[in-house]
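Shown here is one chain on its own, the form predicted on its own, set out as structure tokens.
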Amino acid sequence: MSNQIEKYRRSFLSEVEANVEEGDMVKMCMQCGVCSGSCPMQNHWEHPPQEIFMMIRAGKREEVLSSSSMWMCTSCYNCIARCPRGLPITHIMHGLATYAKRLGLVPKEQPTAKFGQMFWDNLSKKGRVNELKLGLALYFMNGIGPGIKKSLEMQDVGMGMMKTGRMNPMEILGGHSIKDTAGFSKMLAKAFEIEEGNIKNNG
């Protein structure tokens, strides 16, 4: 029985190593907890990074991939800067989130995942972020009522952004874009093609 359990554990670690950016570094974690103590979101983790790494090594596939933990990372890189072993913790957490999304295991009503998709949809159209459209999409993602309330709360911030040129009301009509949008689209298509090939090879 113990051999079967060990085989199951190794299988998930191998899965992470094959499908998650720098996932092979998970086994180097020594469980010191410096990453958790350095994280500004430490009070909001379901499982802190070192616990996620321990769970991967313990073969807890469902608990890890359905966790909201990976979606709490804000990419501040405090954990990487302070990890005594220099583990790429931020990269691994984002990689786990991407892999969970690919498998359809994103927790329901996960605001960070929603925002990430909004940001990508906004950026991928013209190669630059349309701040006005992104802000409106974020405010109204939970409905018209909450959106109006949030917009009124943030009107001073919005006016400040417009005065400094950070947000142009005319962007609602389309906004600025990079010069070669066709080339940008081809680049993204090629990246997706390469990723799809990597998924098949690792699957």
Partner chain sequence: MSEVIATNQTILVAGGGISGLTAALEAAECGKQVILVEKGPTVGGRVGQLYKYFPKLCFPTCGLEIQLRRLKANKNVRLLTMAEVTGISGEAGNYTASIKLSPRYINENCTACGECGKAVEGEYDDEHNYGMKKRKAAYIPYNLAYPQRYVLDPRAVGTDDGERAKAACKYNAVDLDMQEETLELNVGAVVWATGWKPYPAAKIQPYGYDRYDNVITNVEFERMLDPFGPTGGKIVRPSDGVAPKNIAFIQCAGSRDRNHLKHCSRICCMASLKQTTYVAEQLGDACKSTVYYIDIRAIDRIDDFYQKVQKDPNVSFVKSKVANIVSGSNGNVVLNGVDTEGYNRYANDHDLVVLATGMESTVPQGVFPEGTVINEHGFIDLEESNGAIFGAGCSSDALDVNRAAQNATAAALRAIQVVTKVAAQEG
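Positions refer to the first chain, counted from 1. As the structure is a prediction and not an experimental result, all values here were calculated from the model. Take the two forms, find the largest set of C-alpha atoms that superpose within 1.5 Å, and that set is the rigid core.
Not pictured, yet referred to below: the form predicted together with the partner chain.
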Should the three residues Arg61, Ser68 and Pro107 be counted as contacting the partner chain in the predicted bound form, with contact defined as a heavy atom within 4.5 Å for each? no
Just one of Cys76, Val129, Ala81, Met118 has a heavy atom within 4.5 angstroms of the partner chain in the predicted bound form, so which one? Ala81
Quick one: find which of 173-181, 36-44, 160-168, 138-146 has residues within 4.5 Å of the partner chain in the predicted bound form by heavy atom distance. 36-44
Looking at the partner-bound form in the predicted bound form, is Met30 within 4.5 Å of the partner chain by any heavy atom? yes
Superposing on the rigid core, is the CA of Val129 displaced by 2 Å or more between the shown form and the other one? no
After a core superposition, would you say Cys83 shifts its C-alpha by at least 2 Å between the shown form and the other one? yes
